[in-house]
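Here's a solo chain for you in structure tokens, the form predicted alone.
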Amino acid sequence: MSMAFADYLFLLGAMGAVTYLPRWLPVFLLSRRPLPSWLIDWLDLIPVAVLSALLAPALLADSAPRALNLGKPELLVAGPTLLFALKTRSLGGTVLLGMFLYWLTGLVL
């Protein structure tokens, strides 16, 4: 079954609308209203929670089956890299230090 070019364009536009509308609508509706302070505080925690949810399995668990592993090289490197990031607030330096330490850990372990 082949699709016509117009069908592809319609599909592309529909996918764009479905992707864009859920992001645009809350910003449009809430941008002119004052938000309660508890909601602003709660919204500030979302990036930290998302980043933690993305990093914790990679740092703490083996792939299959999921088991806690505190000796992973990624976890050993994450500690000093986090301290460097907190101390310097330098994204570039943190990335370079993390890459260097990961490379060094690969040589040692």
Partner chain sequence: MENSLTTSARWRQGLGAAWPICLGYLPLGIALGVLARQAGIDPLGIGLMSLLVFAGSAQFIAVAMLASGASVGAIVLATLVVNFRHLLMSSALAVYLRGVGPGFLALFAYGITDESFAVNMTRFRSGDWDRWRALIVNQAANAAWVLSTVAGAFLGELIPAGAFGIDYALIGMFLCLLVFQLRGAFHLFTALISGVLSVACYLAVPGDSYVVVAAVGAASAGFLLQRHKRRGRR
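Numbering follows the first chain given and starts at 1. In this text the structure is predicted, and so the values were computed from the model without any measurement. Here, rigid core means the biggest group of C-alpha atoms that superpose within 1.5 Å across both forms.
There is another form of the same protein, the form predicted together with its partner chain; it is not shown, and what comes next is about it.
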| item | value |
| --- | --- |
| 4.5 Å heavy atom contact, residue 57 and its partner chain in the model of the complex | yes |
| is_contact(residue 4, its partner chain) in the model of the complex, heavy atom dist at most 4.5 Å | no |
| Non-hydrogen atom contact residue 47 with its partner chain in the model of the complex at 4.5 angstroms | yes |
| 4.5 Å heavy atom contact, residue 26 to its partner chain in the model of the complex | yes |
| Sequence-ordered list of residues in 34 to 69 near its partner chain in the model of the complex, where near means a heavy atom within 4.5 Å | 34, 35, 38, 41, 42, 43, 44, 45, 46, 47, 48, 49, 50, 51, 52, 53, 54, 55, 56, 57, 58, 59, 60, 61, 62, 63, 66, 67, 68 |
| Shift of residue 52 between the shown form and the other one at or above 2 Å (CA, core fit) | no |
| Residue shift check between the shown form and the other one, rigid core fit, residue 87 Cα at least 2 Å | no |
| Outcome for the Cα pair residue 86, residue 37 in the model of the complex, compared with this form (closer or farther; change of 3 Å or more) | farther |
| In the model of the complex, whether the C-alpha atoms of residue 86 and residue 41 sit closer or farther than here (change of 3 Å or more) | farther |
